[in-house]
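What follows is one chain in structure tokens, specifically the form predicted alone.
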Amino acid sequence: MEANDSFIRSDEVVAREVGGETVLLDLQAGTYFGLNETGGLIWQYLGDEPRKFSDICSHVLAEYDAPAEAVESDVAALMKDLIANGLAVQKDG
């Protein structure tokens, strides 16, 4: 994933926080997904405007004391998973 790759939440998803976990419902597929605390932080940050990969990583690094390489790897994995499941969309730079 490149630093300038941008992502946005899908319009077909609703989210709620339940017991420290963010639960996503894909309205189109009728499927639920659960995100842990860090995934929920990223989901909230994505919001309704495109966010650059580098900005998402910086946001996570500001909240957690973790190595940058680990954060980048984890954020990339989550974004790939969200896109694969139709929960987020990659936008053109």
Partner chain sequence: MIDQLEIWKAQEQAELPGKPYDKWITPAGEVAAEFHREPEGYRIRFPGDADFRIDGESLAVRCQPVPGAERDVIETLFVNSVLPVIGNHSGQLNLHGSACALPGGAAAFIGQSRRGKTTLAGACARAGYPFLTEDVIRLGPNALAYDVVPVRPCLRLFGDSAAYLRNESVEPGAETIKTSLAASEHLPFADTVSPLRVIYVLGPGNAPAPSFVPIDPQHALPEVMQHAFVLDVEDKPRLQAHFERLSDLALNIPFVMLDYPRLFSELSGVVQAIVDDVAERGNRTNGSK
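Computed from a predicted model, the values in this text were never measured in an experiment. Residue numbers count along the first chain shown, from 1.
Just so you know, the form predicted in complex with its partner chain exists too; it's not on screen, but the next bit is about it.
Of the residues given (Val18, Ala84, Ala70, Ala77), Val18 alone sits with a heavy atom within 4.5 Å of its partner chain in the predicted complex. Not one of Leu41, Leu46 and Glu49 is positioned with any heavy atom within 4.5 Å of its partner chain in the predicted complex. Although the partner is absent from this view, Tyr32 contacts its partner chain in the predicted complex, with a non-hydrogen atom inside 4.5 angstroms. Interface residue remark: Ala66 is not counted as part of the site for its partner chain in the predicted complex, having no heavy atom within 4.5 Å. Residues of 55 to 87 are not found to place any heavy atom within 4.5 Å of its partner chain in the predicted complex.
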